[in-house]
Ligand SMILES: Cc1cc2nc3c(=O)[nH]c(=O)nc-3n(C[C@H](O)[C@H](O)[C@H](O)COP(=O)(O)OP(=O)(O)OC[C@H]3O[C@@H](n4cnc5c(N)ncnc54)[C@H](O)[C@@H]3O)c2cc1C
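Below, in C-alpha cells: the form predicted alone, a single chain.
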C-alpha cells in the first residue's frame, strides 16, 4: 500500500468505529479503517454460510424508530437501504414469553405483539390481583412521562434501589431483573437506574427488539461500502500492534501490514485494551490508568445456534425466565463458584421471521443466548449450554425434534473475534463496559482521551442506551469532535 498518511485512522469496524469512519469520510476527512478480522461489524457481525444468513450473536434493536443508524443512513444518502425487518406497530404476534413464578411447578406462556401497548397479557401471565395491576400501571405511566432531567438524577441509583423505593409488585421487579440481564447484560443490583429507565422508555415509545433484513451486519456492510465509495481506505486482517504516541500526541498506528500516520486516531477496540495495550499505560497519568483499570466490564451472552430441518418457530422471539433464573450479584457469585443454576433466562431470535432468505427453503435458523461471565476462560459456560439445551427440550420440544445441528459460542469466541482480553476475567463482554452505577450518565467515560488526537468510539464512552444504538451515538459524537479538532488545527497553521 503506497499511501500511508491520512487525516484520521479508525481502529476497528464495529458499529462505533464504522459509523465514525463513514461520517468522517463523508465530510471530506481522509480516513483509514484498520480491521483485525477479514469481516466487518465487530460484535454486530452477520454471516452467510450453507444457505443461512444470521447474526453470530443474538441482537435486538432499541429503539426501533429513530435509531442512530437511521440518521447515519440519511446523511449518507442511502435511506432506501435502511430496511428494518419489523415495524414498531406490527400487529402480528411477535414475542412468546414463558414465565414461572416462585412456587409454581410449571411455566406459563403468553404471546405479545410488538407495540406492547396492552399490558393485559402480562397481568394474566403474572397472575396478578387488581391492586398489583394498578401499581404496575402507575409505575409504567410515570416512567413513560418522566422528564429527562429526572432520569438524569437516577445515575447514582441501581435499578434495584429505585424499584424498592417505588414499592413495585415483585412480579414487575422480577421482569425488570430479567430485562436488566437480557437487554443490558447486567444485574439489577448494579445496573444504573437511569440507563435501564431510558431504555425501557425507548422500548415503550419507539419500539424494541428490532431486526434488519440480512441481519445487523448488513448495516455495517452498507456503511463500509459508502465509506469506500466516498474515497475511504480500509485494510483487513491487520491487527493494530501499537498506537504511536510522539510528544504526547497520537500520530498513527503500527500493524503487521505497515505503519500508518495520522494526527487523529480513533479506537473502537475498547477503552481498556486501548489504554493498557495499544497505547500503553506509561503514556498516561497514573491516576487515569488506574481509573481505566477500575472500570467494570459488562457481562457476556453465551449462545447456541439451532439449525432446523423444517420451520417450527412462528414468532420473532422467544423469551423465558423464572423468579429464580435471572442473575443478580449473589447468584452470579454462586455461579462463578461452580453452582450451575437449574434454570437460566433464555432469549432466542428467529431470523426467518424477519427475512425469508435467512435459511434455505423448508429450513430455519434460531440464535439463542443467556447471561454469563465476560471471562474468556469462564468455567461455567459448558454447564450453561447444557441447561439451555435442557430448557429448549422442555419448553419447545418441537424445535428440539427438528434440530439438525447446533453451534455453541461464548465469551472466549467473542473476545477472540472482537475485544482483546487485557485484564483478568474480561474480554468477552457482549457490549463493552458495564452500564452500572458510576459509569453511566455524567459518569460515562469521555470519548476524548487525555492524549492529544486520541479518541474512543463505541459503547465504552460518550453515549447512553442499548448496544448498537449506543455505539453509533458514540461514533457520531466522535466524528463531530474530530471534525472540529481538524478545523481548529487548520486555522492555527
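Since we're looking at a predicted model, the values are computed, not measured. Positions refer to the first chain, counted from 1.
The same protein also exists as the form predicted in complex with the named molecule; that form is not shown, yet it is the one meant from here on.
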_Stretch in contact, per heavy atom within 4.5 angstroms of the named molecule in the predicted bound form, of 119-127, 95-103, 198-206, 410-418_ = 410-418
*asked:* Can you confirm whether 15, 59 and 459, the three residues that make up this candidate site, all sit within 4.5 Å of the named molecule in the predicted bound form, judged by heavy atoms?
replied: yes
*Considering 32, 430, 449, 64, which brings a non-hydrogen atom within 4.5 Å of the named molecule in the predicted bound form?*
430
_The single option of 269, 348, 180, 388 touching the named molecule in the predicted bound form, heavy atom within 4.5 Å_ = 269
*May I ask you to state whether residue 292 is within 4.5 Å of the named molecule in the predicted bound form, using heavy atom distances?*
no
*asked:* Taking any heavy atom pair closer than or equal to 4.5 Å as contact, tell me whether residue 238 reaches the named molecule in the predicted bound form.
replied: yes
*asked:* Residue-level contact is defined here as any heavy atom of the residue lying within 4.5 Å of the named molecule in the predicted bound form; does residue 378 satisfy this criterion?
replied: no
_Does any part of residue 11 reach within 4.5 Å of the named molecule in the predicted bound form? Heavy atoms only, please._
yes
*Members of 16-49 lying within 4.5 angstroms of the named molecule, judged by heavy atom, in the predicted bound form*: 16, 17, 34, 35, 36, 37, 41, 42, 43, 44
